[in-house]
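Before any questions on how it binds or moves, here is one chain, the form predicted on its own, in structure tokens.
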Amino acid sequence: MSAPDADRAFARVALVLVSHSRELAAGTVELAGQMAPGVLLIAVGGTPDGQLGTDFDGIERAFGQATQDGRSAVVLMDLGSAVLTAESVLDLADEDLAARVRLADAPFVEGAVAAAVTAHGGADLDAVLAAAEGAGRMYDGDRPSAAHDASAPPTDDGVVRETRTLLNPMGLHARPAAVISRMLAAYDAKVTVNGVSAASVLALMKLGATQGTELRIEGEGPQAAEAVRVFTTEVERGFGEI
């Protein structure tokens, strides 16, 4: 089990990642941590002797560490027996801890990324849980198109609209998607890019936007102009990759 850094200040919601594999748990923590460095991420993988399986005592310790300093925690699990073990730990927990821990019905890796970025933005327990579980619905239905009709006439509806060309060679991949989602969390605005929420890392990545793609950016809300300006500035600088 990975140990938290006692010298760091973390977001108010932590994540516990429970896997049958020590390597899978640690790797998912590493991936999510790259996108949300301000979130406490605890990996609980395998049995105490390093074999594939689950560790009741390790999960129990992780729940305690995750909820220190007044934090809440969202727990993601990879397979059914990991779910059962986590549920057993929670059933035996005291009332205070149980009230601050939620088990997510979510895909392990995608849910961890979505939840971590949401937690990094300062969201509460319910919002982080919803982000994790929403990741499981991201791949239902058809893939959205990165294309759009740039010739649509503007309307006087209070929506801030900008169009930019994606410049960075790797396109709108995980790192820039996480960067922009974290930035936008600070604004009282709803921003979409080619019809999907710019607050969702997975939604942005699902666009499959590559270098040269035209991005239609729209913002609504009290701080829409500022939020859209932040987005367009990042696009123009290639998200620091050019």
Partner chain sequence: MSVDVAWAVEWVRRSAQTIAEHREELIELDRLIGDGDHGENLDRGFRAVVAKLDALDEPPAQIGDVLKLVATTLMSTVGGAAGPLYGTAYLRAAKATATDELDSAGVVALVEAALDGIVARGKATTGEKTMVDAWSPAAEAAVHAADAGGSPADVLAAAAQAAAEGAQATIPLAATKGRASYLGERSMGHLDPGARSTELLLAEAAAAAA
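Positions refer to the first chain, counted from 1. The structure displayed is predicted, hence computed values, not measured ones.
This protein has a second form, the form predicted together with its partner chain, left out of what is shown; the following refers to that one.
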In the model of the complex, the residue from 57, 69, 214, 30 with a non-hydrogen atom within 4.5 Å of its partner chain is 57
Could you tell me which one of 53, 208, 37, 64 places a heavy atom within 4.5 Å of its partner chain in the model of the complex? 53
Though only this chain appears here, would residue 87 touch its partner chain in the model of the complex if you measure heavy atom gaps against 4.5 Å? yes
Can you tell me whether residue 99 touches its partner chain? I mean in the model of the complex, with a 4.5 angstroms heavy atom cut-off. no
So, in the model of the complex, is residue 92 in contact with its partner chain at a 4.5 angstroms heavy atom limit? yes
Taking its partner chain as it sits in the model of the complex, is residue 81 in contact with it (heavy atom to heavy atom, 4.5 Å or less)? yes
Please name which of the stretches 111-119, 158-166, 73-81, 126-134 has residues with heavy atoms lying within 4.5 Å of its partner chain in the model of the complex. 73-81
What residues in 160-187 sit within 4.5 Å of its partner chain in the model of the complex, counting heavy atoms only? none
